[in-house]
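In structure tokens, one chain follows: the form predicted alone.
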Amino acid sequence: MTKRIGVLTGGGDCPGLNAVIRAVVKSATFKGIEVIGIRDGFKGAVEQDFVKLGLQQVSGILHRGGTILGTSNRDNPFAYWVEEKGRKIQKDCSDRVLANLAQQGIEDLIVIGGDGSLNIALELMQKGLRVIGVPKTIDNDLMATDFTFGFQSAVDTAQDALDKLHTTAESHHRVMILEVMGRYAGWIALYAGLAGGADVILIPEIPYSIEKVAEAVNLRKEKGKKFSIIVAAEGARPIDGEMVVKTRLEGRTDPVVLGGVGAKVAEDLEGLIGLETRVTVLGHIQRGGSPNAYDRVLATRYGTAAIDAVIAGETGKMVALKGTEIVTVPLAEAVSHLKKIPLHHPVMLTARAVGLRFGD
């Protein structure tokens, strides 16, 4: 009997999802394994929304952004919204997921996702499902892997925005603030800020002093630089304050939606520097578009490694990048806590060495 596996994409979208799906399907097909796609993350597993994936279905998707399977950052099967007696309640539908997968003959499930989706995968594994995780997030905040796919493409998008902001900032003698994603970690801000020639980077790992930020801008003015570029991670916060929460969306794995720190920094800063300050919020532009070459290669390596792990009989593992090698690590280790930037990280030290300021 031919082995059959399932694959789903969960959480926020990012460049490279289709590249992983393609690699999973092609690698599995060449090894005689059937692949069943599950639409819209774990929602499809609850609602029995399945599609058979073969070489034809994944032809021409390597360069495409998004995911052909759809995704969702809601629909946790352990707290699934259902309607009973005219009202909506949350219900544990995890047993239904296991039954639906078994009915399809799915023996192993490959979950492509971030910390929320992989935590769900871990819980399903503890109920007996064989699972392999693939680390996806533009935030690069998953433990046990050097890089998640999607991160480098998001950095490219932010860096390109900084290149464009430089010319208008210099022309008008303004301070330009670019607000980027990243949730509770500052990886995108750090890498994009260094690559894009920023002057100040504000990240969640280092609470900032607005006076120190003003000091950095004024010091540039004294040296004849009439403009400055600031990159602010959405989770950055002042020393005596909290992160700026845009809204809360109940039902999501993480209901907190961050956003607005750029406007806050601009408002607090403008009176201290005597320069006009403008804010650009990149938002979901960082999630969209084609993956860059690095992410296409990494995503393809992850997809084929996931199939290798299935064939080897591994379960409860995540494929991960360690140096230049793809390895498998325990899912529990990968989701134990968020990977934040160590203050002595080599890229952080490099940024400080070339004069970048962090508001501390």
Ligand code: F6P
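Sequential numbering from 1, following the sequence displayed. No experiment lies behind these values; they were computed from the predicted model shown.
There is another form of the same protein, the form predicted in complex with the named molecule; it is not shown, and what comes next is about it.
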- prompt: the named molecule isn't shown here, but in the model of the complex which of 129, 142, 265, 181 has a heavy atom within 4.5 Å of it?
  reply: 181
- line: Answer key: of 88, 226, 212, 284, within 4.5 Å of the named molecule in the model of the complex (heavy atoms) is 284
message: Can you work out whether residue 117 and the named molecule are in contact in the model of the complex, taking contact to mean some heavy atom pair no more than 4.5 Å apart?
response: no
message: When the contact criterion is heavy atoms within 4.5 Å, does residue 73 count as touching the named molecule in the model of the complex?
response: yes
message: Does any part of residue 137 reach within 4.5 Å of the named molecule in the model of the complex? Heavy atoms only, please.
response: yes
task: Within 4.5 Å of the named molecule in the model of the complex, counting heavy atoms only, one of 77 to 85, 165 to 173, 143 to 151, 181 to 189 shows up; tell me which.
output: 181 to 189
task: Scan 193 to 222 and note down the residues that get a heavy atom within 4.5 Å of the named molecule in the model of the complex; none is a fine answer too.
output: none
